[in-house]
Ligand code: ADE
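To begin, one chain is listed below as structure tokens, in the form predicted on its own.
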Amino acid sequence: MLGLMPDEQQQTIGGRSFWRGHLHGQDVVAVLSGIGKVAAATTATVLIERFGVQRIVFTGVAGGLGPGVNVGDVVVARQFLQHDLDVSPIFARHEVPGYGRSSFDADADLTTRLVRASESVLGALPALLPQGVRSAFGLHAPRCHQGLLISGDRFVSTTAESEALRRELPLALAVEMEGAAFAQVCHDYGVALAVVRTISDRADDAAHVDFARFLREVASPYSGAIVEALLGGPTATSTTARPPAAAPPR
């Protein structure tokens, strides 16, 4: 993504590199969120407090949980929940203390635009990815899903774990490690958030794919094309917080 920013300027805050510049004609700040909920919350707070952003778009990868959520699909989050948050018996399992709720919503309008951008990119898949890449990862007719994205501070990569999450949270489409933290911070500050995740695996015993290759050859082209499609609209978002292809952010 940084390669598409012709005039980016780096600023280091809290050990993170923030790149301010222009992307497809829009003023943006690009940053690697860091892995895990604490890192994500710090990054979101700096974006809002230091850069004054009003809209955040987060891209990355996730493990599929929901039926039919396959490798190469994308999930656009409508709601976020921390699957590992448990302050029971004081509060109900998954409830965030002080909020009276367990989930936070994505921004409806920005998310709808992100869905449209994602669907347009997936519809042009043959032009986006070479046949060899599509064959290597079994990408045939990828779909865009909308719904619940769950986050936790562990990398879910066993069948036992993923099955337990499906039993406990049957509406969950995918699992990762940052989205719910971004959602809570954005809720606190009244900042619009939209998140799209490329499904890299099914979060089970077969989840040990070549992440470096998947990020480089699938997730990164997806993210770049989706953000380009999103920013190409007449009321494009002005801030993009994204993990670059070098790190698997889940």
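Nothing here was measured: the structure is a model prediction, and the numbers come from that model. Start at 1 with the first residue shown and count on from there.
Beyond what is shown, the protein has a form predicted in complex with ligand ADE; the following relates to that form.
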In the model of the complex, do 63, 177 and 201 all reach within 4.5 Å of ligand ADE through at least one heavy atom apiece? yes
Among the candidates 81, 156, 173, 106, the residue which, in the model of the complex, approaches ligand ADE to within 4.5 Å (heavy atoms): 156
Against ligand ADE in the model of the complex, would residue 211 count as a contact residue? Criterion: heavy atoms within 4.5 Å. yes
Any idea which of 220-228, 66-74, 42-50, 193-201 reaches within 4.5 Å of ligand ADE in the model of the complex, heavy atoms considered? 193-201
